[in-house]
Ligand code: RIB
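Shown next as structure tokens: one chain only, the form predicted on its own.
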């Protein structure tokens, strides 16, 4: 069993990642930590509570994190995720209480307690992870790894940006935090737009219609979360679930190892994840960023259907 902390900014695809996480017996969720990103922190934190209550997981600590990026003004993606952040979903107002520990306190406490048995899973901006590293520079050596949804690495034809031409939203939202994390030495696995937007790995309209036909509590949640986006984009990219799926079963994925740095100053390249591919510049000792470049589509989508949708 893998012990994880899920750091998140719910978020439609974050919500799918929640359902996948808590229906996977391979994972033991030590805590959920929230960060501003897809929506402001207040909305995202409330959404996380709603999802935990929907899933009957109110015993899992939920900790509040960063309400703003490190140096920049708060942005959001409500035009994609909806005003609440959960598409057309209407879940009851949550009753569970926020854990008194901050996101950073929880991350550091669990890293000290579990060490290499702890995997950090970050599917939002990396503000909380960066703050934890600044608070304890030894954190990268303590934990097993950090698995993120983030980046556009230009390693496949779909590895271009969505926040701008070259940057993925989570990285673009707080590039200074991302640069701290990418340069910290923490072992990283990155599910980026290279594969999350790859057509074969998305939720197709056919898959959505199959989900819709099931008419169960979980399938109806997926329909309410994704329905308008499936119609708008002719399918739905399973961004955050791909990162969680890697933690569950890495054999579904093919990765390549590179050194990655971040562009934080560029006027039109803010948040660009810059991959060192020049053979004469590559240093294996610096290459601790595993980038997902290929997914076994059949196994991945079956995992989504089995664990997120269920019977």
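Residue numbers count along the first chain shown, from 1. This one's a predicted model, so the numbers in the text were calculated from it and none came from an experiment.
There is another form of this protein, the form predicted in complex with alpha-D-ribofuranose (RIB), and it is not shown here; the text below is about that form.
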Of 202-210, 162-170, 218-226, 94-102, the segment with heavy atoms within 4.5 Å of alpha-D-ribofuranose (RIB) in the predicted bound form is residues 162-170
With a cut-off of 4.5 Å between heavy atoms, is residue 38 one of the residues that contacts alpha-D-ribofuranose (RIB) in the predicted bound form? yes
Contact with alpha-D-ribofuranose (RIB) in the predicted bound form for residue 152, defined as at least one heavy atom pair within 4.5 Å: yes or no? no
Is there a non-hydrogen atom of residue 181 within 4.5 angstroms of a non-hydrogen atom of alpha-D-ribofuranose (RIB) in the predicted bound form? no
Taking alpha-D-ribofuranose (RIB) as it sits in the predicted bound form, is residue 107 near enough to touch it, meaning that at least one heavy atom pair lies within 4.5 angstroms? no
Identify whether alpha-D-ribofuranose (RIB) in the predicted bound form is within 4.5 Å of every residue in the set 126, 174 and 262, based on non-hydrogen atoms. no
Counting only non-hydrogen atoms and a 4.5 Å cut-off, give the residues of 1-30 close to alpha-D-ribofuranose (RIB) in the predicted bound form. 9, 13, 14
